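Single chain ahead, written as structure tokens, the form predicted on its own.
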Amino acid sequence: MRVGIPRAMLYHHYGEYWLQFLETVGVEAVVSEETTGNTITTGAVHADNETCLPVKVFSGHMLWLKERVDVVLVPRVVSEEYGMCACPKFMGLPDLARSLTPDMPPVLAPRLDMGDRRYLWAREWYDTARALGGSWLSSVSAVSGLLQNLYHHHKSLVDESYEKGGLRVGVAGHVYNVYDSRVSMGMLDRIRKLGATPVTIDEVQHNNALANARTLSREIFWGFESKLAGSVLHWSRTASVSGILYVTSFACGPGSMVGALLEDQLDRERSVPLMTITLDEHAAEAGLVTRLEAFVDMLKYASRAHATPSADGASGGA
């Protein structure tokens, strides 16, 4: 039995846990290849035009897996945080996967709902393990391991002891956008080549991010966006970065709403500079490079101006 997992969207959050689950059950896991231009083009052709870029990338990975696996695992993520919900696209992802082509392999869609503290949804993962041919013991072990991994997902301590000095740029975006080098067009490496250090939201303590997100004038009900917004405010209020890049996708509803909230909040707090970068399948590398160069150059200039004493200050000290 070959079980496919698309290397897209929530794979970048929970992929290692899903792979461990399948390994414990005793089936072969097949992860789609890294995103390419063809992946995006194929996905954009088959997906609905109104969907965001991550969904189109996901569709491309699903089509890559179509002829290579017996079934595909696409969990239905309802919530990753108590009291919050996931973006609707995560909840409908299995249905979208099934509708891509008539000859799509069966899609297994056990729920993942961390908002349910009774973990009633774990039964669906047990049933999935059994459907894949797992024994009672291996199925129970696989579900137990998954629950432990998910419980500790936000509990691990993150090192926020940033070194002083140097230019640091906060990159606030979903990990499936930021860490997919084809989707982000190598954004993190480009920032490093410009002489700055990129800092991502997974380097911020989860509790710190949520605490800052609660200070916004509007409550954010989406778990991923709440962590993202809170991380931006944490960077700003602790002065741990010189500037922030807010990375979102074209046609992302939650992303556009959170972006507007952050722009307003940082403007009122007279905080660090923030620039929004919107990704879609038509984005060109030249445009991204130009904007990154201009942004980093501005931060470098501001840093030098802040470090250089004024003429009046110099003469007064004499």
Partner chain sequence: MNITVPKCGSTEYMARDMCSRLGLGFVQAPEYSERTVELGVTLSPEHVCFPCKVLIGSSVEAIELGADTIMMAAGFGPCRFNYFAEIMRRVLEREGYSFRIITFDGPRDAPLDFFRNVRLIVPAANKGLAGMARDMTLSLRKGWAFDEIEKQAMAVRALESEESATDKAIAECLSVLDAARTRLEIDEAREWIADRFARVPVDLERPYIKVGLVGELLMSIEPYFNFDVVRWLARHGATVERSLHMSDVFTPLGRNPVLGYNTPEINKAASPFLCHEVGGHGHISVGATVQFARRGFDAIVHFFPFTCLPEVISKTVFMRISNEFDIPILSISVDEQTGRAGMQTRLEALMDVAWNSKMKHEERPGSSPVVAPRDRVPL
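Residue numbers count along the first chain shown, from 1. Here the structure is a predicted model, which means the values were calculated and not measured.
Not pictured, yet referred to below: the form predicted together with the partner chain.
Engineer: Just give me the single entry in L216, L210, A196, V107 that has a non-hydrogen atom within 4.5 angstroms of the partner chain in the model of the complex.
Structural biologist: Of L216, L210, A196, V107, the residue with a heavy atom within 4.5 Å of the partner chain in the model of the complex is L216.
Engineer: Among the candidate residues M275, V31, M257, V45, which is the single one with a non-hydrogen atom no more than 4.5 Å from the partner chain in the model of the complex?
Structural biologist: Only one listed residue qualifies here, and that residue is M257.
Engineer: Does any heavy atom of D264 come within 4.5 Å of a heavy atom of the partner chain in the model of the complex?
Structural biologist: Yes.
Engineer: Although the partner isn't part of this model, could you tell me whether W125 comes within 4.5 Å of the partner chain in the model of the complex, counting any heavy atom of the residue?
Structural biologist: Taking the distances in the model of the complex, the answer for W125 is no, it never comes within 4.5 Å of the partner chain.
Engineer: Would W235 sit within 4.5 Å of the partner chain in the model of the complex, counting heavy atoms only?
Structural biologist: No, no contact at 4.5 Å.
Engineer: Given that the partner chain is not shown alongside this chain, does R111 nevertheless sit within 4.5 Å of it in the model of the complex, heavy atom to heavy atom?
Structural biologist: So R111 counts as contacting the partner chain.
Engineer: Tell me, please, which stretch of 91 to 99, 167 to 175, 181 to 189, 132 to 140 lies within 4.5 angstroms of the partner chain in the model of the complex when heavy atoms are compared?
Structural biologist: Going through the listed ranges, the match is 91 to 99.
Engineer: State yes only if every one of E50, G83 and W222 has a non-hydrogen atom within 4.5 Å of the partner chain in the model of the complex; otherwise state no.
Structural biologist: Yes, the whole candidate spot contacts the partner chain.
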